[in-house]
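Provided below as structure tokens are two forms of one protein chain, presented individually as structure 1 and structure 2.
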Structure 1
């Protein structure tokens, strides 16, 4: 076993990074779908959350296909947060695909293909199968390899439960599995008889005192009872997209791992739809429709919208949730203006949930939650100042200040962030308002300032939209027309 010891890797404690929405654990609703004021990381936005709760209920029942929900509201009013909350509330069993509107633009794949893949990723299929598994504690394991180093390995393993003991001969393939999982005497394992998959459940309690040094990850389990061989019903959950990829003849299942799926033929999809319906009738499979969430939906263009119109009519379509922060703006790929940048015919198929700006009290709650999430202890006065900053500038900027203020505070070897720390980072880092003010003041000193004079019309129009919106609408107008 010398060579396997060499490549042994130490257990690394998993590093969890804190993302923008990692504090959200659900929608914060009670049993009757009423929104609690502060719960599961969600604050305020009661009407929107209640509406989202109804949508979650609709998805859970799984009867309705191809509904479309639009989350509309100003920037940083918690649209994505509500979507993340919905995903959490639905649980890991229900597929929830999250994508951004701009993800569909790829040179390798057409826009509609990317969209239909995303739609099919959001439909899960639960496949039930009965398999025979062997579950027991390893009493003894012997693996003999020929002296030449290559050739057939011979393996024997003795497994036991509280009641019985049996010897098994091991095939070549399963020996590899045993070596990979580093199975040794005292481990409790399961073996799937059909696939030969070996799974280590933990170490037996009776062996708990064999070693004085066991890793923190070592789990101790009871020795299984009864017979070694058991019949168990296992449930695999796969998405329609995964079945598509495995069955698209040109690539095979390897494409699933390389990610290079390419375009999947429509015929393949139809065949799979029929097959899945057949399985469902026979009771072998259950369809588990999920949610497709498209953020920044105004980035989709007119072709995508008309494709969605049709795709949503299929009875295999998931519930689609979209989010946008645009008001009346140009539909990408046309010269027409429309509410939210979405054509009216698609808007007509949607139900719209509006998010409203947070009140000062709610902002304070959110900042408090974020402080907890980032393990930052903040003095109440500092929190008040931060709330003030958040209402004056933006919530995102204030959240950024939590991290930076915490670092400043640690530099002076204190544990609690006070007002001084917040003031310091406020002066160190500019928010968007102050930055643009400085830009306006010193515009002439920056490079290429003479060019902007030629395009004065454009900047003047943009300036009218207010400082906060300016950057974004600027983006929107600069969209290329060729898509």
Structure 2
């Protein structure tokens, strides 16, 4: 069973490792926010990365909320990569929520509710509380099981620090925790008196010579000092959305895992906001505004934009980062055209970061990084051809060819992808330009080709003339001929 679980974890890690942006480790900036040429998986886009670094610094300080940043640029210029780099730079302590603009139309809730939940997932609350713990080194454990095999287990444990040693009686719940954590003599542990949670900190240095009780991953710690019972401040980090769900459902905690959160009433959110603000004033909690990243923001409609305009004015709003590859286009839900398909009043709230097309040298560097990420050894000549394909077609298409060329290479029992492998997959898989050219050439052979207005008028006129001719000849009820 344990072996099966290990394999599953390994497979999941593998899938994550070779994702579209899994090679991104950060923004690739130095201490003074200057962008390095190639660093942490990021290549080029120095100005955009510098600007994103300033935004990250702003988020870390946690003083500013409700700011809106727009990443605007042509397709395949690294907008999503910069957003992923921001998430990596912020670390796990800062909430980072990512969504696509088209997601809100497929959810079983209103568009504004979907945006509300996304915004509140991006706001962290660090709740502080003091708890009593027992911390010490285990000297001896005695657990007595009933002779019949059923009933309550009873036990005793002897814990010590550098200054004192005490015996404790163990209840059934604590005994189960001890058995689950595989606690034995020589372990340094903590026991939460309120919840009964047992946490193993490591092995005591005094037991470093017990080779039979150690392994490669064993961690050694000092024997605790002072008294066994201590008061310790514990910090729990949760998002506002998690607090919303727990307080709006009978089994709210289970709803978090099932994903069935549904719509949450505004009254519940207002009460939670007031309570969190009260905790902040009392020093029990800190509000940690994170980042909400909305990709393909042009897919939102005027209703969503109006909601965001109002939501960003709240002091409980996160920093919102949007990305789009549209120019001057129609605002969804209206007949008005606007830059990036975003209303002017919302654009006025934004600071816009522009991404520029990659140079051929930068494209080659990105492809080289992706080859390393996918464990693909590629001959320099093959990499040169792939770079030329990327500049003639698109970077995304060339990255897709890395995996397919590697598979073709393995089929011929080779370890290095050569030019023939790249040429073969280039002929097997079409890019957008070649596919469009074929569609134009064989347009009439495909079903449901779009009819232009001129063609539609000509078809209607031809149909009218045909009907008139049939009436004049008197064969309006004539059956179609067999072909």
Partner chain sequence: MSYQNWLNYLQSAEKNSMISGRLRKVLYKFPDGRQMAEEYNMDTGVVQRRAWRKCKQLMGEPQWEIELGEEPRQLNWSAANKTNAAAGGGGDADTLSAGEFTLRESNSAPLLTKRVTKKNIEWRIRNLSYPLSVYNVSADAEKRAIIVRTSNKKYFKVIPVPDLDRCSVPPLQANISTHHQFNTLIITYTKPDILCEMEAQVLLLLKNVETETDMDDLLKGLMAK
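In this text, the rigid core denotes the largest set of C-alpha atoms whose superposition between the two forms falls within 1.5 Å. Residue numbers count along the first chain shown, from 1. Predicted model only: the values in this text are computed from it and were never measured.
Novice: Identify which of the two structures, 1 or 2, is the form predicted alone.
Specialist: It is the second structure that is the form predicted alone.
Novice: Just checking, between structures 1 and 2 are residue 384 and residue 154 in a single rigid part?
Specialist: They occupy separate rigid parts, so that residue 384 and residue 154 shift as distinct bodies between structures 1 and 2.
Novice: Roughly speaking in whole degrees, what is the angle the smaller rigid part turns by between structures 1 and 2?
Specialist: So the smaller part swings through 17 degrees relative to the larger one.
Novice: What does the CA of residue 199 shift by between structures 1 and 2 after fitting on the core? Give it in Å to one decimal.
Specialist: After core superposition, the C-alpha of residue 199 moves 5.5 Å between structures 1 and 2.
Novice: After superposing on the rigid core, how many Å does the CA of residue 129 move between structures 1 and 2?
Specialist: Rounded to one decimal, the shift is 2.4 Å.
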